[in-house]
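Encoded as structure tokens, the following chain is the form predicted on its own, with no partner shown.
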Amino acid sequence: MNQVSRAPDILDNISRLSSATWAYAGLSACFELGIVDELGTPVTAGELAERLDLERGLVEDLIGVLVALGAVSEEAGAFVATPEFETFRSGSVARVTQAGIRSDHLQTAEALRRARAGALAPGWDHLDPDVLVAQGETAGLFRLSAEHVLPSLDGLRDALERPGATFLDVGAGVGVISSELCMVYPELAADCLEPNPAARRLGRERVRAAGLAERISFLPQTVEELDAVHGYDLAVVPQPFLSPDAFGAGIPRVRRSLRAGGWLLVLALDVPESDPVSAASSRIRARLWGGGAVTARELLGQLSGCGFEEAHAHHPVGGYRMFAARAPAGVEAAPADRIRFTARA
């Protein structure tokens, strides 16, 4: 009887997930087809269809998704972005938003392909440039968080603004976080640890195009191989992309690599226990990326256990949560020279 009585709820939940999936696909198409770009001023569906060489009925239905999301309003047959959506329509936030949506679609399609082949397993091992770039661009959310978090970390701003400032970007992907920080802090140089050769190649191309090649280096080491001592002012570690063993072995090495009083930021996926579906989504995503989900208590305890001080959590932003901790003060710091590794092929 219990199974029978629960069936309608399960079917309803599946139906809502299906609806959300197709709405998300519609949102993605609006970005990819350029519809979102055209909504800065009122425009009719017919005008949009003509501008973008699309079928009018398709445009009407895609805009319907944006209207349902509250992203677009309609008046007298013309559509325009709402003030709330305008931030997500243009500029760096729009780029990050579109990258996140694209990354979700590419990764879930790949997860389905691997599951059908019986090859689904934890671990970030993507080689597709589209996946690497899309996921890398989502790191632009770091800048939004950093605008609030970095100023609250004692002494960090001064450290990053001084000549010789250094940053360690663990699991750097295509180097978006390093690029963002180097554009904010002109004295900063960054070392990107990235074992994935495809990501390193793309990252080098991107920083070269941005004019940052002299300040950002891509290194093939993993965090478990990090042997720098007292060299960095700031380090960022993306916990979901590191296996538990790699994270456990790497965090003490990161602590030793920081200058006295240097700061570590750990990025983790937020798991909102009050929303079971969102929490389950975060867990499976973190599992497939390799690190699995961790609670704030577990992560803060691990940081404190590795000798970090002042470990604390910040509020979630964009599905991620940032944790900060400080290397002990009073340890003799190395000179301000950048840390260098012996590159491997």
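This structure is a prediction, so every number in the text was calculated from the model and none was measured. When you see a residue number, it is the position in the sequence shown, counting from 1.
Absent from the display: the form predicted together with a small molecule. The rest refers to it.
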query: Candidate spot Gln135, Gln221 and Phe241, all three touching the small molecule in the predicted bound form (heavy atom, 4.5 Å); finding: yes
query: Heavy atom within 4.5 Å of the small molecule in the predicted bound form - the one residue of Ser73, Ser90, Thr108, Asn196 that qualifies; finding: Asn196
query: 4.5 Å heavy atom contact, Trp124 to the small molecule in the predicted bound form; finding: yes
query: Partner proximity in the predicted bound form: Gly262 to the small molecule, non-hydrogen atom cutoff 4.5 Å; finding: no
query: Exercise: Val176 in contact with the small molecule in the predicted bound form, heavy atom 4.5 Å; finding: yes
query: Interface membership of Ala172, the small molecule in the predicted bound form, 4.5 Å heavy atom rule; finding: yes
query: Which of 209-217, 150-158, 271-279, 222-230 sits within 4.5 Å of the small molecule in the predicted bound form, heavy atom basis; finding: 222-230
